[in-house]
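Shown below, as structure tokens, is a lone chain in the form predicted alone; questions about how it binds or moves come after it.
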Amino acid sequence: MPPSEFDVAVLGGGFGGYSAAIRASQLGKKAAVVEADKLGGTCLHTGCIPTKALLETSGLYHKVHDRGQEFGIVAPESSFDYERIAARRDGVVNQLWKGVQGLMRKNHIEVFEGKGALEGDGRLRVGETEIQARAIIVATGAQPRSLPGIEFDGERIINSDHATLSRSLPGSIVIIGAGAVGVEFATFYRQMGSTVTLLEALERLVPLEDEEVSGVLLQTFKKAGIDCRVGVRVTGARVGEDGVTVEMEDGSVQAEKLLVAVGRGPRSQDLGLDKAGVELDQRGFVKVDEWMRTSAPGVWAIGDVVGGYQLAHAAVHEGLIAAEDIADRRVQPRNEDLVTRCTYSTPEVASVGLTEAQARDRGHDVKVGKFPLVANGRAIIHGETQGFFKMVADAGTGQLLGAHLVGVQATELIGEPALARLFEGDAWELGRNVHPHPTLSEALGEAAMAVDGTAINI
């Protein structure tokens, strides 16, 4: 059978992969996508979208069930139907999945279903089908990993995929790992009424975030009744008739289930990458340059499989960079300092750029502005006053180096300081932007003005 010929073939149809194919098509390239499962990938089917749908439900239930009287709502019989929660989650996913399928048709992108592998010289094989492409983009993503000696069984010891797609709620759960995935599920389970124990090997929650942000999250989690233990080393887990016993160096803890949320490893095996001459690092991630080019001519790689920030929007951005490079339409290279990071816990966490400590480590003389949400009218109206917005700037030039938000709707607000970072703007410019009242965005302006000591409402 003669090979199907394309200008660009994308191996993996997740957010980054299908976005790269669309951009290639927009630039006049004949594009194809190879997908082993479903278009939309992890983010759409087992990650970003369904977990946020669950958190939307848990946040609403918590506000009515636990805080209703605070808002003058009396709902003594409030309860939930987890089967209907799961059905709504699946409905959100399916609606978006149909949208992605429509985008493939709209942009004349051919989709090949099945597991693909590189064969060198611009060739991809999917089952009996051979695809010839002038450029190949590897976008195969990542998968949950565990700890040595702890294996997933999908019932008692689970990963984030299992947790997301479950159709029942455990009465108690231990979560290993307090990164974004761990704290989001800790929020969800606690808001739904489960007993939650959160274990973290490092000395603080969300350890990649600004240290002060971690402190607020820990304080708020403890107040919510989450048993947070930092600086602990898990040594093993035993499944019994009634649940799981998680063993640590200094004791043990029991629960109905154990969720292991210690990161994701790259899907880089059995893809023919070695045959194509694509170099991997020691952890199995594909090595790329700032234009997402691999060591093999004609092969690019994007998204979780290349490491860095394993975020859907980072993968999309990298996909656009790769497609534009292929089409000789370069706009801007990859710069991880411009990637926004969002965690949908309660309170939410969002950041962009350098933390205060990172800025100092890079040699900046730093000045910082902070604004507490307890002084923001909209946060008070929401009944969510925990947290603050923080701006980190260079003391000499005033340039905004980083922004760190912890509090209500932080993930919706990080876009403004991210734009300021893209434009290499100064903190005072963000402060002089006219923010509407009453909104949470006012706290951004106040924090930016606080860099120079000119905040109005503190």
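One rule holds for the numbers: they count along the sequence shown, beginning at 1. All figures in this text were calculated on a predicted structure; none of them were measured in a lab.
Beyond the structure shown, there is the form predicted together with a small molecule, which is absent from this document and is the topic of what follows.
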Touches the small molecule in the predicted bound form: P372 (any heavy atom, 4.5 Å): no
Interface membership of P207, the small molecule in the predicted bound form, 4.5 Å heavy atom rule: yes
Distance check, G182 to the small molecule in the predicted bound form, heavy atom within 4.5 Å: yes
Residue contact check: L202 to the small molecule in the predicted bound form, 4.5 Å heavy atom: yes
Heavy atom contact within 4.5 Å of the small molecule in the predicted bound form, the stretch among 212-220, 182-190, 71-79, 114-122: 182-190
Heavy atom within 4.5 Å of the small molecule in the predicted bound form - the one residue of H62, K52, K38, K30 that qualifies: K52
In the predicted bound form, the residue from A322, L258, A261, V306 that sits within 4.5 Å of the small molecule by heavy atoms: A261
